[in-house]
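Read on for two forms of one protein chain; each stands alone as structure tokens, with the labels structure 1 and structure 2.
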Structure 1
Amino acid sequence: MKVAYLGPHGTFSEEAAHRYFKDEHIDWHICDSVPEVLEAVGDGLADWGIAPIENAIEGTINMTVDSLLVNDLYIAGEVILPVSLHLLGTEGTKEEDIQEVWSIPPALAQCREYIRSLKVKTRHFDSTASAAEAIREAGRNDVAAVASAYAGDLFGLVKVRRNIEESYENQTRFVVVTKDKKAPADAKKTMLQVIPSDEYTGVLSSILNVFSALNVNLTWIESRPTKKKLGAYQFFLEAGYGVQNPLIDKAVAVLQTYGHEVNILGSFSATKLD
């Protein structure tokens, strides 16, 4: 079985992948960016992929939501991983000498306040670990990376400042995706994409009412542009029942009678890591 995740070694994605698939014999397919992970599964280069979709501080990771759709993937699992971010530099780096901080944008966003307080520039990388690796290769004392303690150890960096994110309860949610649109038997949540038939006053509230009328809890809601014209949005709704529950079929049927396009993007249960 081949599983794709965001590399290089030392990313949070690697930790999530290794801990989620711990009991199986896996052929790992390490990718250079989050969109490439989902593309690898879409193109059949890997059977499964794991990608970050939501962070407790920064919210939705849009590149994952968008790439899920482009590659026609099914979410069959979810992993919640505690994450701690540190400012990492080469030996001898002093906080006051840092001019630039390097990392993947969602990680930089989780420590926005701290980075603003340093009054430094930021540089975007494709992962926390690729930023840490670049700091080691640069061998400079005026740049630092935002990454995990594990990445710091791997690339021989020291912690210039610990726990720089804006919450001590920081967690990231990853989705486990595949091409096969089959829900696991124990699925407890369903992810739906709803593309409204038209723009009219109250369209979102009428969509949400379908779920409240059926007493189906929604655990996540996100809107993304349809990318067709300015102001046209589609909605992602995560319902608190697996797809095998008749209430999900009912909700989909009602939404379709309203003329909305509804796609089931996945059904899964959560794995919480500590």
Structure 2
Amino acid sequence: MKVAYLGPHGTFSEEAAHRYFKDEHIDWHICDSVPEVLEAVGDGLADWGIAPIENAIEGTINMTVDSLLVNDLYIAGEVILPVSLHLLGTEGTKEEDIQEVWSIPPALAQCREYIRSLKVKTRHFDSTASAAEAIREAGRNDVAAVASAYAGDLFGLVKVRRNIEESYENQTRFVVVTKDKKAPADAKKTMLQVIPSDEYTGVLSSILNVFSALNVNLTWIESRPTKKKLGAYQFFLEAGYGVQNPLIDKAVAVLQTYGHEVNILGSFSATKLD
């Protein structure tokens, strides 16, 4: 079995992938971007892919949503990974000696108050893992990286300061995708794409009222441009029932009666990692 995920080594995506897929005979396919992960599955280079779709602080990761459609993939699983950020340095690094902190902009933003208290410069990298690796390669005690404990262990760094993020409820949600459009028997959620028949006042409200009338809870709602014209949007809805539930069929049937295009993008259950 081949599994694609976003690299390089030490990323949160790698941690999520390695903790979710536990088969000893997995052939890992490391990609340079989220679209490449989903393209690898779509093109048959990997059997499965795992990609971040939402962060509790940063919100929806739009490139994942868009790439799902382009590659005609099916969401068969969900992984929720707690995100803890630490200040990592080489052995002997002291907090008071740090002059510069390295990481990706979102991670730095999630630790803004702490970094501001250090009164240091920041330097941007393309991943928390590459920042951590650069600290190891630099071998200096006046720089540090904001990254995960997983990355720190991988690159042999020490935690100069633990849990420097401002929100201790930070989590990232990953979707597990495949080309096989078969829902797990125990699926608890269904992801749908709804393309309105026309743009008119209250169109989103009318769509949501269908689920409300059926007493179907929606756990996630996102809008994305149809890319056909300015102001034209499609909606992504996550319903709190698996696709095997008759209420999902009813909701789809009613929406289609109204002339809306409805596509089921996946049905799955959540796996929460500690």
Ligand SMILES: O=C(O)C(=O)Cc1ccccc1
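Residues that one form lacks are left out of the comparison. Numbers given to residues start at 1 and step along the sequence of structure 1. Between two forms, the rigid core is defined as the largest C-alpha subset superposing within 1.5 Å. The structure presented is a predicted model; accordingly, all values stated were derived computationally and were not measured.
Only structure 1 of the pair represents the form predicted together with this ligand. Relative to the larger rigid part, the smaller one has turned by 24° between structures 1 and 2, according to C-alpha superposition. Taking the core as reference, the Cα of D23 moves 3.9 angstrom between structures 1 and 2. Fitting the two forms on their rigid core shows CA movement of 2 Å or more between structures 1 and 2 over runs of at least three residues at 23-25, 84-166.
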